[in-house]
Every structure is written in C-alpha cells, then in structure tokens.
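Single chain ahead, written as structure tokens, the form predicted alone.
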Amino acid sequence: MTDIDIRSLHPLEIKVLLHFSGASDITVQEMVERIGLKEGQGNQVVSWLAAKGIIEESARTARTLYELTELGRDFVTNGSPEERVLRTLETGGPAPLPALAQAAGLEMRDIGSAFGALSRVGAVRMDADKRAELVDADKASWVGLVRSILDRAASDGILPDESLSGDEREAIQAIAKKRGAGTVAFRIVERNDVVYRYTDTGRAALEKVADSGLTGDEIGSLTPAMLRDGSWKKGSFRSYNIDTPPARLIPGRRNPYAEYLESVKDTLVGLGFEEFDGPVVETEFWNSDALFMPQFHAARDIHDVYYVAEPTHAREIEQPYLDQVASVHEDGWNTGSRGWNYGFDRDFTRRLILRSQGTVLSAKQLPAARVPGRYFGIVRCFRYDQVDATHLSDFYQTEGIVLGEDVNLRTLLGMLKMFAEEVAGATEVKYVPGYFPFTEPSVEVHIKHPKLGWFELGGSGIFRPEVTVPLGIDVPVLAWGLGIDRMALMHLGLNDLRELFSNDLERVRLRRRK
C-alpha cells in the first residue's frame, strides 16, 4: 500500500473523495450529477486518482450512443427531407421537382435523393407531366420512425442504442455515421462506461483527507481581483509540496535523421551543387535503359524491383532520347560501342516501377545540365531486400553528377573522401574496384563502423559514353550514388539502420541530445 501525501491532491480530487467517501462504486456520470463537474473534469479526476493508486477499475460496459448533429436538430424542427417531400405533396399536390424543392425548403441535391428513396418503395412517382405526385405515404414507414426518433432525441440530444427497437435501430443507421457526420442527423458515439472502486491506498487516503479538514474549495492561485476586493482574507489557500518534482518539459525538435538530411543538403549547396528531384514512380527507360543496363540484366528481376500495378505503363517516352538509347543498346549508335546486340523492347521500356536507384535522376538531369556543372539529390529508393542492420527495402541515397572537360578519376576520389569523412564522419576509408553497367571505371567506397565493421557506402564512377552521348553530353561526367542512411549511422552514432525510422520517441529524443 502506497502512502499518499494529501498535499499533492488537486482540489477536484479532494471533492470527489469527500463526496464518494461511503460509496462502493464511483463513476464519471455520478461526478457530473452529484458534484456538478463537467464530463471532461470527471475523466481527468479519475485519471489522476487511478495513477496515484487511489481507485481502480472494477467494471467496464461498452455502449453505443446516437448524438444529434446540427443537421439533426434542423430535422427536429423542420423534418427530414423525405418527411418534407411527403408533407408538401400531401398539402400542395403534384409539382415539378424544382417547385417541390422550393416549397419544401430543400436544395436540389436533397430533393433528388429524397424523391429517389421514396419512389423506390412506391410512396411517390412521376406523373405523365413529369411532376412528382404522392402515391401512398404509408409505404415509406421509416419516415414516421425517423420522426419518432428525432422527437425522442430532441430533449437530451442523445439516444442510447439499448433504448431503440429493432426497426428504430435499422432506421437510425441510415442517418448516422461515426465520422464525417456533418451530412447526417446523428453521430455514432462508442463509449465505455467504467466503474471504479477504492483501493486499500485509496481508503487510507480518504481517512487522511477527512481528518485534514480540506474541502476541495481551497484557493489555488491569488488573483489581482482577489487583491483588489480583499476576498483573499476570507479564503483558504491550497498548500503546495515544494518537494514535488516539476513537470517535464519536452520542447519540439526536428527528427535527428531529417535534420541530418538537411545538413547534407546545406553542405552540398554550400559547395556549389544544384539540387535536383523527381517522382518516385519511374519508367524502366530512365531507371535502367538510359543507364545502359540491358533489358535482360539480373537487376530487372521482379524480386529486385517493385512494379506498379495500375497503371502498368507510361503513355510515351521522350524523344529523341528513346530512339537514341534504343540504338545504343542494339548496335552502339554513335558512341563507338558495339552495344548489347539485342532487339530493344519499346513496350517494356515504358513499364512503371518504383525507382530502385538514385542514378535515375542523374540520367534525367543530363539533357538539361550545363557544362561545367554540379548537381545532387537526396533520393528515396525502393528495392526488395532482406531487412537487417545495414539493409532496408526503402532507403535514401545521395546522388549526384559533376560535368566538365577537366574532371577525372582523381577528382572523383577526392569527392568520395569528402563524403566519407566530412558527411559520414568516418575515420577509416578505402576504395574498392567495382562494376556498374553505366560507369567505367567504377569505384565502391567503404567505411569502417566501430560496431558493424567495414561496409559499402555506395558506388561511383565516370559515366560511359553509352549513357552520356544519347542524352546530349560529350564531356566526362562523374557520378555517385551513396547510401545516406549508412552515412547517418556513423554521424548519429547508431548501430542499426532501423533506428533511423524508430517510432520510439524517447529513443529519438535521447539520440537528439547526444
């Protein structure tokens, strides 16, 4: 049993304890009726008391209630659209729908739906002159049920589900919604009626409160008005426990990974790079074909690339790039290459996928790029993979190109070193020869993580002429695609990529403070 310091109790808690001193059951509804608390105050009090171990839940009953909306209150006064139609036709006789709407005080959209519902059961119909006329109002029996339901709900604004008959329940379901209830007469509210009882700790606290002389009307703060009129002299003030720890303040901060991505952007922009971006959904043409990746390449397998189900294909591919890239694949075109020597599939190249590599944006940037020029992007990519500490099925890459007459492999290695050390924060870096269909030479950069050891940061190289020439570029182009998620592991001191996307806010806050 926990000893409760009654000085820590809020005046509302004191009031509840005193009013329910001999009660075996405590409910929020009774707090509203007996003490005059608002329902929100009652819910707050039971939350406080339960957290202190003074009360505990003893029973819970799920209930469904129907609460009148503003539209429902209008129906109470003027009738539902169907009721107004029947009443207007009964007193005024047949009328065209526009005239009927005006006479019934309804919008045309409401008159249409109301007349349609009534005509389906044979209560009304259109006569030979295209006028709405009454046939048999009794066939629309639900209209009377709705009127009865509205009248019963008018006083309190709420109807419990258990108070409705089977027919009434069926009728109210047609004019009630849980969400978006602005267009119906009733909002469906699902509520739990909870009964609480005192714990041993609560009974001990109750005795201490009763002996203390507290009433729950103690003044919590001294106001200017009380000082002016002198009423403070007659009041009893609430005592405070100065040893109570202050409330924890949690200021809003940006997610550390999102902040890191922005810092990378700022670094590259500061170095003179221009940012590019593009859609997540791409064609096989830009994702692979424009990068001189043959259409029979293993990476085209459905287990590596995510295909879009609907629509499956883009309408067209930009010209003259389609023809020029197709020729490069088939026979090398004007690049000095022999190509891949196969028949290029112009239908397959329009296939829509989720981009699997950031290099797609580098390819799309080439036709618009300036020489010399420097471009980059922070690109979300999607690729089927087994998720572990260093692999995710969707991930970010920092992608970029540098164009110029004088750029070469030494320039590229210097840039990779900058990324590894300045952006990722690595102290040990090594370069490994690699292979990519679109670069020659190709280089992989690896960094050493203090816990995970050596892992690949990404690939890079100099674009082959088969990539640049058909897209209108005839100077060397350095290209890289680095896993910025992996760079963040080093920078943020993490050991698992999955921590970057954690929904554990406390862990995110701790990581941010580091």
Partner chain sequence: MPKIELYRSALDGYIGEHLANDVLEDQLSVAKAEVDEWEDEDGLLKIELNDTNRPDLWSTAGLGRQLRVYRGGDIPEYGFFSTDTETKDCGERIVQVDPGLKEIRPYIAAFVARGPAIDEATLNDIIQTQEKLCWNYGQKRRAVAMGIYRSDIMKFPVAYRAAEPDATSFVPLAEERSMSLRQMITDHPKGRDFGHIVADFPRMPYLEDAAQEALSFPPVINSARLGAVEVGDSTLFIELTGTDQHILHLACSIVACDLADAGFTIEPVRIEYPYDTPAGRTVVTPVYFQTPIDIDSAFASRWLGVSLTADDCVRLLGRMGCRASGTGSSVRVQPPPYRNDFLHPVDVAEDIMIGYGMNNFEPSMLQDFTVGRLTPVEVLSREVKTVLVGLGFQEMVFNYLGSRRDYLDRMQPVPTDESQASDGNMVRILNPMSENYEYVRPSVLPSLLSAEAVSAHAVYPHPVFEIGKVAVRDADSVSGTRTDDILGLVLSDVEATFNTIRDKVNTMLYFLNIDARYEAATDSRFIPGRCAHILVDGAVVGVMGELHPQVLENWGISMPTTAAELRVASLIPQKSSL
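Numbering follows the first chain given and starts at 1. Quantities reported herein were computed from a predicted structural model and do not represent experimental measurements.
One more form of this protein should be noted, the form predicted together with the partner chain, which is absent from this view; the next part is about it.
Engineer: Is the partner chain close enough to Glu82, Gly112 and Glu168 in the predicted complex that each of the three has a heavy atom within 4.5 Å of it?
Structural biologist: No, none of Glu82, Gly112 and Glu168 comes within 4.5 Å of the partner chain in the predicted complex.
Engineer: Is there a heavy atom of Trp333 no more than 4.5 Å from a heavy atom of the partner chain in the predicted complex?
Structural biologist: Heavy-atom contact with the partner chain at 4.5 Å: absent for Trp333.
Engineer: Even though the partner chain is not shown here, does Pro465 get within 4.5 Å of it in the predicted complex, heavy atoms only?
Structural biologist: Close contact exists here: in the predicted complex, Pro465 approaches the partner chain to within 4.5 Å, heavy atoms only.
Engineer: When the contact criterion is heavy atoms within 4.5 Å, does Leu97 count as touching the partner chain in the predicted complex?
Structural biologist: Because no heavy atom of Leu97 falls inside 4.5 Å of the partner chain in the predicted complex, the answer is no.
Engineer: Just checking whether Ser442 would be counted as a contact of the partner chain in the predicted complex - the rule being heavy atoms within 4.5 angstroms.
Structural biologist: Yes - in the predicted complex, heavy atoms of Ser442 and the partner chain come within 4.5 Å of each other.
Engineer: In the predicted complex, which of the stretches 134-142, 160-168, 88-96, 340-348 has residues with heavy atoms within 4.5 Å of the partner chain?
Structural biologist: Stretch 340-348 is the one.
Engineer: Of Arg197, Arg147, His297, Arg238, which one comes within 4.5 Å of the partner chain in the predicted complex, counting heavy atoms only?
Structural biologist: Here the answer is residue option His297.
Engineer: Of these, Arg374, Arg125, Lys208, Lys177, which has a heavy atom no more than 4.5 Å from the partner chain in the predicted complex?
Structural biologist: Answer to the contact question: Arg374.
Engineer: At 4.5 Å, heavy atom to heavy atom, what parts of 274-291 sit next to the partner chain in the predicted complex? List them in sequence order, or say none.
Structural biologist: Counting only heavy atoms within 4.5 Å of the partner chain in the predicted complex, the contacting residues of 274-291 are Glu274, Glu275, Phe276, Asp277, Gly278, Pro279, Val280, Val281.
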